[in-house]
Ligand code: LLP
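Next comes just one chain, in structure tokens: the form predicted alone.
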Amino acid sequence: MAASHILSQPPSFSKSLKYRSKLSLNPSILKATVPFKPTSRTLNLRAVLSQNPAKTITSDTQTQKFQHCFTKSEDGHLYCEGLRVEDVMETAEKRPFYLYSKLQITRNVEAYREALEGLNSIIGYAIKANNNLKILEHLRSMGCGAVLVSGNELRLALRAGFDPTRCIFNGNGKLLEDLVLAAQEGVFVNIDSEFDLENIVSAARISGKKVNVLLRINPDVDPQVHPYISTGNKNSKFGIRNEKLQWFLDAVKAHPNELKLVGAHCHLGSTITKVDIFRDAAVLMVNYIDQIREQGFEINYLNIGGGLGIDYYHAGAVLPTPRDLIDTVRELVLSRNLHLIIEPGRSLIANTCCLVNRVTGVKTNGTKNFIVIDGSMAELIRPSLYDAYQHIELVSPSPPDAETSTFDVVGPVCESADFLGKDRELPTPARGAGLVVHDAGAYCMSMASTYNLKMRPPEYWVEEDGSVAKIRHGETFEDHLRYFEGL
């Protein structure tokens, strides 16, 4: 990789930053001469939510690819790609660990690739969902690009071998030094605000490279998801409002040597299970693209973001697949001869993994029953942070006389917020029994912490040949002490 020499040492800008003071993006200078007026049809359009998650036209192949790779067999044992999880526990470190199916990652990517047949497209994997280097290398080997929201994610993508011209740099607070690296490498950059545009222009001048940019437009479409993961409504910190579009277009025109506007971008949120919403947003976006093209810009890319939900409840819900998603926007993309960029994270990686724990003990406080495990909110924070539901089950059959009760599954962290699941009907487990939290591939390990000085756990995956390989070392107490050496 051409940029490999940059990875270990951030670039120095003390000399180059003098150019920044020369940049002027005074709104009065760039004031729009013609207001940007989307049609009334565009402005009045809002997401029409169906009563069912989707009217799926899913092929059997797509449905099979997105089935859960962890399955309970008739013998009462939980399996991953033919291996008993209980047997993996005997060979892995005796601590909570993440266990993935490499084959399921492959199947998920294949489902997207099949759905995108006939379209010019980029599958930009959202690194924030899971930043394991071995997983990134595997996704890159399958032709994925990468979606980045920090300079370190960009550096990691380069280290993993991603083609930088198939990478997209998002974010509402991108730093100048990170933008310089993006400009040097030829990464697509989304413009999110006035100051963001100013920094991108500065980065282009410092690097001596013209930057391919997309305008991140806030379409004000409600994705009907948890407010923390809703990113495309008018109250979101992300994107630019449509009434400011003309200002941004004039700003891009004013910097032909630094910026090339190549596309438009939107991102609605995450865990979306109604594909109508994606189409509604795409209708808005192609309408904007039509009007931007009328001003002489060669817009070739539509980025509709990511956010496709998965079956966290394991209740047999029929949820939309990648093909259902792509088919809702296919005609719009083809009608404008656009390249489609999508940014899946959760739907590529979440259902490929479980957090594997051991039961420390069972207790009751008189009104509540608790299963206490060695895993916690430090290893997996989604339930505590979002009140998210993730399916929980034991990895092996319980004794015939084990009483089934309602339990909160909790960890040892000194917080009442430390729970992995509440009010779960489970057989009373024996001490040391294995217990898994399903669908833990996305926004779990990447959000893990060392709270209560719990060390981030190791990660393993089941290879194509059925063997188990470690893909990340667990952190140790000695690792923690190294941060203080020599101080």
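Keep in mind the model is a prediction, meaning the values are calculated, not measured. Numbering starts at 1 and follows the sequence shown.
We do not show the form predicted together with this ligand, though everything after this point is about it.
The pocket of the shown chain is open, since this ligand, superimposed from its pose in the predicted bound form, puts no atom within 2.4 angstroms of any backbone or C-beta atom.
None of Leu426, Met447, Met455, Cys69 but one reaches within 4.5 angstroms of this ligand in the predicted bound form through a heavy atom, and that residue is Met447. With the partner omitted from this view, the residue of His267, Lys274, Lys174, Arg323 that lies near this ligand in the predicted bound form is His267 [heavy atom within 4.5 Å]. The candidate stretches are 338 to 346, 80 to 88, 403 to 411, 288 to 296, and the one lying within 4.5 Å of this ligand in the predicted bound form by heavy atoms is 338 to 346. A residue is said to contact a partner when one of its heavy atoms sits within 4.5 Å of a partner heavy atom; Arg155 fails this definition for this ligand in the predicted bound form, lying far away. The closest non-hydrogen atom of Tyr301 lies beyond 4.5 Å of this ligand in the predicted bound form. Residue contact with this ligand in the predicted bound form: Trp247 places no heavy atom within 4.5 Å of it. None of the heavy atoms of Gly375 is located within 4.5 Å of this ligand in the predicted bound form. Taking this ligand as positioned in the predicted bound form, the residues of 284 to 317 that bring a heavy atom within 4.5 Å of it are, in sequence order, Gly306, Gly307, Leu308.
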